[in-house]
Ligand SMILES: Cc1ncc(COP(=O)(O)O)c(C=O)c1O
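The chain below stands alone, shown as structure tokens; this is the form predicted on its own.
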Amino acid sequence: MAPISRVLLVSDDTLWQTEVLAALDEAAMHLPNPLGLCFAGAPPGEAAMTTLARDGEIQAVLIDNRLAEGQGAQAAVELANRINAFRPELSLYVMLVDADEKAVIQALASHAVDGYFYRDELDGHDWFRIVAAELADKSATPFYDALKHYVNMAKDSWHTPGHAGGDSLKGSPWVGDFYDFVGENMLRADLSVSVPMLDSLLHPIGVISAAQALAAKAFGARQTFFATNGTSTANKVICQTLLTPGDTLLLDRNCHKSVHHGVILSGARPVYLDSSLNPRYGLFGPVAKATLFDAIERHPEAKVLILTSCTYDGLRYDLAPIIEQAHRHGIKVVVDEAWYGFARFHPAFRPTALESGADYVTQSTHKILSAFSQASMVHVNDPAFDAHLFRENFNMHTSTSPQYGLIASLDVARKQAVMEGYRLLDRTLRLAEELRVKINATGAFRVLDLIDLLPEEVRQDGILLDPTKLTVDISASGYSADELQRELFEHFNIQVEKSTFSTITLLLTLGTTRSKVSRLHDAMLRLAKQQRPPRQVGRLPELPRFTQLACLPRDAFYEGGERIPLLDEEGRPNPALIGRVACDQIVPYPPGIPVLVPGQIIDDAIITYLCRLLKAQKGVDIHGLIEKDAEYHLRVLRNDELAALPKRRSND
């Protein structure tokens, strides 16, 4: 299918506009036009903005600088800035009368404008070629193109990987089906650093560097780095880059476990901030703004603040005032935006973390855009960024044999987001609203609104909801979450994202279609018609508050420790654990929040909580416990080990 690239000419001079459009249309008929450039006109002001909102095929805008007679360049500046704020991925050109106007526009809107034409030098062919070349540059995929070119060169492989482009698999009576399943191109493109023309992820100076530069421009970063080990690795790299042993950092206790692993690796001293809790649905929300501001004030020594926005359930912080407060105290802000990397490409989701002032942002491009699993990006806007130190830490964690298909998928995902992200996200938003209405109409299922999801303590914090993540209350359906997921999977061929004891989560993406929405609605309607009696819905025990650190997490993790049973001989919470110091991270899932981190002092509330989970919640896995002889144990510091460690008690 050929692309369409509509170019909008905005002018209130209809005669001149008609003349220009005719010249550009004539050029499109006679010049090579692989991107499908076509041209349309619109009057300035709200009419132009409405057109941009409705038409996702628009790729560029030409603004006549003679808008609103008597205002000089001011009207064009205002329109250029409005368009850039609304859809920053669009290419913008201004049609000038004289050089003085250009100086005004450069002073007030240079960040938004990609180029200029002079009104009295109308040359349809020249203008067409310039706009087409700019769109070609923006839609380029340097790495993906180089990879395709190399595969088409059909070079004999005398290097890694061992399958040699699939030749070891092809025709095999035992594993030939794998070759057929994966496909020849995928195997031929599975290459290694032995191919210099494909650059090196560890030290990019060629096509990978060019692809990363295009990504930085697309996402609004100073620099962008591709990661093929997922956002988990990206978070660890940032922790090790910004923190040295003993440094203080502030972090949401609900951060992804990779951030907690980064704390261990960096040797930093964390100040854990308790997440807000919605006990009715077993959902954890953002840290209250008051808690964040208080922590920033009480820890002037802190180097870094790490937050997750949006959360797994779609709750996103009002980041700008939080980041501003952190920066005022010299604290760098890292935002894990794993679930929100598409936000740059539709105004309904902005501002992004980068637009709100974050210094570092990690994104799971594979989760919410069209990249392969494990493909992620790190975006940097830190004015004091130490590129050498970051690269050393990046190379410490990155494989020397990265999967080139993952890198290509990042290149392609960025291209799609820039060229058609607005159109696809607009469709996704409409489908999300349609699905919300249809689910609510079943009578047995209800999509939760923001007010339902928000814990009480953060309802005045300006938190917003990502509408592409639908949390469905199933409590009136008569199904447990496990039963409902099994029914959807086995009888309707539907796999959902996740569940709690009373909800399921549906994730809508660029790949969501109306057919999928129809099939899901049909399934839920059929299940609702069974009219099962409502179940008595249980609740997770309330997560105990964070206690204290007896030492740095790194110090506790690397000690041998001893293993003590969670239950005593009578089957009750073991009092021998009270006051001991954990060596491991203990994470019940759901909800996925560590109840213990290495170095944390164990109290009675924590032991009771873990025991209740094991007894009452069959669907909960508790990561970090040691199972031995049909009993669960915790690894804790021996008393002599604790005595030998530096005391690093938390100030909280």
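Everything numeric in this text was worked out from a predicted model, so none of it was measured. Numbers for residues come from their place in the sequence shown, where the first is 1.
Here the subject shifts to the form predicted in complex with this ligand, a form of this protein not shown in this document.
Looking at 361-369, 77-85, 125-133, 507-515, which one sits within 4.5 Å of this ligand in the model of the complex if you count heavy atoms only? Every other range fails; the passing one is 361-369.
Using heavy atoms and a 4.5 Å limit, would one call residue 235 a contact residue for this ligand in the model of the complex? Yes, residue 235 sits close enough to this ligand in the model of the complex that at least one of its heavy atoms falls within 4.5 Å.
Is residue 503 near this ligand? Define near as a heavy atom within 4.5 Å, in the model of the complex. Judged by the heavy-atom cut-off of 4.5 Å, residue 503 is well away from this ligand in the model of the complex.
Mark residue 338 yes when one of its heavy atoms lies within 4.5 Å of a heavy atom of this ligand in the model of the complex, and no otherwise. Residue 338: yes, in contact with this ligand in the model of the complex.
is_contact(residue 478, this ligand) in the model of the complex, heavy atom dist at most 4.5 Å: Close contact is absent here: in the model of the complex, residue 478 is far from this ligand, nothing within 4.5 Å, heavy atoms only.
Among the candidate residues 357, 165, 230, 467, which is the single one with a non-hydrogen atom no more than 4.5 Å from this ligand in the model of the complex? By the 4.5 Å criterion, the partner-contacting residue is 230.
269, 256, 316, 332: which sits within 4.5 Å of this ligand in the model of the complex by any heavy atom? The residue from 269, 256, 316, 332 that makes the contact is 256.
Hey, which residues along 303-320 are within 4.5 angstroms of this ligand in the model of the complex, non-hydrogen atoms only? Only 308 sits within 4.5 Å of the partner.
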